[in-house]
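Only one chain is shown below, in structure tokens, and it's the form predicted alone.
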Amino acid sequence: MTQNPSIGISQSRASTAGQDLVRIVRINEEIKSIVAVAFKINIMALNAIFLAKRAGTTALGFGVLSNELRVFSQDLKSAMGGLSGVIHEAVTEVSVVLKDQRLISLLNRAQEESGGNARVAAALELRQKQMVEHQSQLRAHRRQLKMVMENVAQLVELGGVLAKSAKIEAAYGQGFSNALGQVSGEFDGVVEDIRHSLVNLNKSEFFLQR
């Protein structure tokens, strides 16, 4: 009996589902670390705002930027929450594809043992079609995740501009300039860490699948 070529292609794609699941878990762990950093930025910003108030009028610009960095941290946390939602949907879809793969394997075996039973063949064909659909949905989740990550990257670029601007404003803090400079340097370093994490996420082979 000649096997449908599309079946072989679908099974080949399904064989990557297990690897995709591992990759998604790793992406999710990286997202959690970024969320933790966003919380850290929020605390740092609150401390910076307090320090700017102590410095008085000489640190007004620094205080404004510190408040903007706090808003940035909240926006970042919200954006990462959106990423987590897409990740959850992708995990669900990968799990469905893995289930399809197991059932197709069982149906293939049953078809061989039954000598090409028509009902088994029909069930196999139906499951193949369902798996192709599920794989299509997974690709859609992959594209959506990539798009959300690009939006997060733009947000992080804004955070980087704010952090560097805060470093400039810190120089005008007179007696508080050293303290303000240290805080702004920490902001800059944390945002760079986030940018590095996003670069690593974009390198995941999960996004190279078609």
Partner chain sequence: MKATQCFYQDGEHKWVAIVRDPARPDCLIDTNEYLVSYNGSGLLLDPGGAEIFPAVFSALSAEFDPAALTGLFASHQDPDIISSLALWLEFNPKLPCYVSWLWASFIPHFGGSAETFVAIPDEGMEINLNGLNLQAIPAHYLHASGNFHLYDAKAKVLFSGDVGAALLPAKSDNLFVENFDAHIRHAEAFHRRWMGSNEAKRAWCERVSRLNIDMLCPQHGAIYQGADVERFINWFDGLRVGVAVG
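Think of the rigid core as the biggest set of C-alphas that the two forms share within 1.5 Å after superposition. Model, not experiment: these values are computed from the prediction. Residue numbers count along the first chain shown, from 1.
One more form of this protein exists, namely the form predicted together with its partner chain; it is left out here, but the text below deals with it.
The closest non-hydrogen atom of Arg127 lies within 4.5 Å of its partner chain in the predicted complex. Using a 4.5 Å cutoff between non-hydrogen atoms, Val132 does not count as a contact of its partner chain in the predicted complex. Residue contact check for Ser95: none of its heavy atoms lie within 4.5 Å of its partner chain in the predicted complex. Remark: Asn117 counts among the residues lining its partner chain in the predicted complex, judged by a heavy atom distance of 4.5 Å or less. The partner is absent here; in the predicted complex, the one residue of Ala123, Ala140, Val71, Val91 having a heavy atom within 4.5 Å of its partner chain is Ala123.
Contact annotation for the candidate site: Ile24, Ile27 and Glu30 all lie away from its partner chain in the predicted complex (no heavy atom within 4.5 Å). Residues Arg102, Leu103, Leu106, Leu107, Arg109, Ala110, Glu113, Ser114, Asn117, Arg119, Val120, Ala123, Arg127 are the ones in 102-129 with at least one heavy atom within 4.5 Å of its partner chain in the predicted complex, listed in sequence order.
Relative to the superposed core, Gly81 shifts its CA atom by less than 2 Å between the shown form and the other one. Core-superposed comparison between the shown form and the other one: the CA of Glu133 stays below a 2 Å shift.
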